[in-house]
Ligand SMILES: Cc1cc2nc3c(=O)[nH]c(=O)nc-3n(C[C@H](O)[C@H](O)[C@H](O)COP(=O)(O)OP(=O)(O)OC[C@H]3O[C@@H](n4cnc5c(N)ncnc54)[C@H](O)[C@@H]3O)c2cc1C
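The data below hold one chain only, encoded as structure tokens and taken in the form predicted alone.
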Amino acid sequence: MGYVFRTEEQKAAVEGLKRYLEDKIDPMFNQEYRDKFVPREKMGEVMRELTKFGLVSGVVSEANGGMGVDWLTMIMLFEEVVVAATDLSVPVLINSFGAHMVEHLAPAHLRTRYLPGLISGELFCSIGISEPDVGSNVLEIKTRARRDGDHFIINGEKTWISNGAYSDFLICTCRTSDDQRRGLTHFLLDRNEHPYEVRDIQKIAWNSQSTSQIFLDNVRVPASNIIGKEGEALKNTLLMFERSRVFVAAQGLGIARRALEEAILYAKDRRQHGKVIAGHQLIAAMLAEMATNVDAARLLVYRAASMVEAGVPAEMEAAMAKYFACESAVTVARQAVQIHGANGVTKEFLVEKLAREAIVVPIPEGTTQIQQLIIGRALTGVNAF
């Protein structure tokens, strides 16, 4: 593919992880568990291995037991996970942001109790924001937390929640007052101590991991389990979105890159009209367009990650990266299927799965259209929503 600037440390980290993924993860997710749910025990084994390479543990500072990896290097590592297995990237992403929230927002007693397990890969978390009637507009959240002395009673429903079936705890966004902007609060719900019901959702792809509905029926949780300050969940969620969108953009990048790699291998092997199809001008043109899209997506994703690392506001740049990289995944995967011809729609070839995965990736963390509205607002100062 195109040249990627990396330090010697980044090269070593990426290459070490890549060897592990190619040897252990690719065959597991693309053969043994292709389109099949990976059990909690098996997924836990993988997460415990990945944390040794800096996944999840990397977003946590060394002072709190993590590796303290910079955001650009984290994105480089995350990209390799997606290339090997999109499904695996989901628990990596969710546990990473769960760890980030627990480290920076949780009170000491919760940080001490839950952060080490996330760092080691022993624990899984879920982050509950979306609801049946609430997507990108966090202000419309209806899940209610009603104060009862030193506790809160929570009732509501969350949907499209990653890691739901795996989760040991849930960071749940709840409405604690009628103040639209200052009325949202994050709570940490331990699944054993504050039980919530989980029902998995079957999708067009990404079914080797858990995406769930979560039902909260009079869940009683101590006020001391508030993550961040009461009423500050909106501010903290919007800050998280800026960073998490860069990771979802990297999912688009990874899917597009793997589709391109598969298309190149096939084009160099498949023969038609007396020569390999890579030698036909229209195929060469398609590959050139696909490669350019992949490299352009990478530049946008890496720029946004570098801005986050530098502490520079990156709302527009993260939205651009998410918009372009995820739409590029759809385009490149579609072209990869076309290059494979009839073989591209069979289960025998990976591009069939990649095309389905690509359809999903423009949706999480705000659809493409939401990203366009964010970019437009940043350019004009006029809010379209």
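Quick caveat, the model's predicted, so the values are computed rather than measured. Each residue number is its position in the shown sequence, starting from 1.
Absent from the display: the form predicted in complex with the ligand. The rest refers to it.
This chain lacks the partner; the member of 97, 71, 206, 152 within 4.5 angstroms of the ligand in the model of the complex by a non-hydrogen atom is 206.
Residues with any non-hydrogen atom within 4.5 angstroms of the ligand in the model of the complex fall in just one of 80-88, 288-296, 135-143, 269-277: 135-143.
Looking at the ligand in the model of the complex, residues 57, 250 and 302 place no heavy atom within 4.5 Å of it. Proximity of residue 385 to the ligand in the model of the complex: non-hydrogen atoms within 4.5 Å are present. Contact check for residue 160: a heavy atom falls within 4.5 Å of the ligand in the model of the complex. Among heavy atoms of residue 28, none comes within 4.5 Å of the ligand in the model of the complex.
Taking the partner from elsewhere, residue 76 is found to have every heavy atom lying beyond 4.5 Å of the ligand in the model of the complex.
Along 365-385, a non-hydrogen atom within 4.5 Å of the ligand in the model of the complex is carried by 365, 366, 367, 369, 370, 373, 385, in order along the sequence.
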